[in-house]
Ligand SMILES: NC(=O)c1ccc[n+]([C@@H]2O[C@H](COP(=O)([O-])OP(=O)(O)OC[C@H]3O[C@@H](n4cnc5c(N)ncnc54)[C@H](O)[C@@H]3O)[C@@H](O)[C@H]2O)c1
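One chain comes next, on its own, written as structure tokens: the form predicted on its own.
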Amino acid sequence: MPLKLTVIGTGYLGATHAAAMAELGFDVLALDIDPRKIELLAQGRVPMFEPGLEDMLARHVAGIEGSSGRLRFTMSWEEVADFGDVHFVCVNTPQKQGEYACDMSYVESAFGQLAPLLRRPALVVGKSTVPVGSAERLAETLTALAPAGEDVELAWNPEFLREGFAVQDTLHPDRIVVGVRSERAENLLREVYATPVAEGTPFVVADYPTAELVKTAANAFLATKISFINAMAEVSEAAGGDVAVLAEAIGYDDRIGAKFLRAGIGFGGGCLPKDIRAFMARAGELGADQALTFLREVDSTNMRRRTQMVDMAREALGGGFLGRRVAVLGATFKPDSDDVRDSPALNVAGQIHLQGGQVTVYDPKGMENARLHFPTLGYAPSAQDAVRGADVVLHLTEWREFRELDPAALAELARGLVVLDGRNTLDAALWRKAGWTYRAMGRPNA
């Protein structure tokens, strides 16, 4: 019989995984404890912006006309336990309040609720990003609490989704990593991922600790690469060099590669910052803290970029923000998302606001979330409205819409023709031709 899958937690990861598994042909039952989310998802709608996700969801949610009916939603743990052969745990693991460490309470609660209801053989698959060593402990919890005992196994299958590309990354991943202890667990996951594996996706079999480390190591490497090029931007600026040309030149070296080498105001979001901090905290618990001391500088360099953008804006305004109007283009931490968690753009906007600037923000998809987190900022319905009357314009999220703006038309609206490109993606020559003073981090002023 075909495998029946469940997904526990229907946030960004869980909703995407549930819809993708239905797309691959499986019957899927997804659980959440938030009735608002369940109601929304059952209508084929998603509580976040992710390109292609809502369309894929609507193709499969039971009760929607023309759908496959393979995807249902519930708040019942008993229903999930009875239904599933493979249970994917996709709950959140945020940073602990006031600490670097990861908050495991949602994961532990999910296992604690599910395990006592598992009365037949099942595979529980962790997908949440957790500190190394967690899987070993959770496997013991499953065996101890599940009525089916050792017939309930654990696997760890880290996710590598990029916001804005989550559908593609789930259906056509660049690798699948599974931490398993038995051939049965491995074979079940090979069955789940048979379609992408047949397309050529590498299937990497590992032990628990290695599978857990893959995700945190990958994020630590990406964060390091971003902070490296931002450190080079600081040196380039001091030396009169051009970090964009520098990045292009070293990016041709296939040992380095061109990706993640665009200097700017740094990374944010719900993953990279909290994951590298949790990694440092866990290394300290294991007695290997010296191995990751470099990540403190990675984090520090990243946070420093935000302050440097504020300093650039203050300098552009002659030394102060009081009574000056500042247009901020971008609120989300990256384009093609409505996620504003730890957004560098909003952090910069907030700092300027606190220093007396009249800040007006526009973002194509993140306005609602931005208002919730920063209600005291001003918001505009379009880029043109944000720029109208501004003394300086800050480009802080690299949406395609902003690259396609007409600098000459904006020059008719702004009071001061100064644009600060915090993402190094605008066409400097085009903006300068339209009369703007263009500045970017780590690049010559002219």
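In this text, residue numbers run from 1 along the sequence as written. Bear in mind the structure is a predicted one, so any value in this text is a computation, not a measurement.
There is another form of the same protein, the form predicted in complex with the named molecule; it is not shown, and what comes next is about it.
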item: Candidate stretches 206-214, 356-364, 127-135, 303-311, one within 4.5 Å of the named molecule in the predicted complex by heavy atom; value: 127-135
item: Answer option from 106, 228, 83, 260, heavy atom within 4.5 Å of the named molecule in the predicted complex; value: 106
item: Contacting member of 31, 57, 396, 386, with respect to the named molecule in the predicted complex [4.5 Å, heavy atom]; value: 31
item: Interface membership of residue 9, the named molecule in the predicted complex, 4.5 Å heavy atom rule; value: yes
item: Distance check, residue 90 to the named molecule in the predicted complex, heavy atom within 4.5 Å; value: yes
item: Contact test in the predicted complex: residue 274 vs the named molecule, heavy atoms, 4.5 Å; value: yes
item: 4.5 angstroms heavy atom contact with the named molecule in the predicted complex for residue 163; value: yes
item: Candidate spot 242, 329 and 432, all three touching the named molecule in the predicted complex (heavy atom, 4.5 Å); value: no
item: Contact set, 323-361 vs the named molecule in the predicted complex - heavy atom within 4.5 angstroms; value: 341
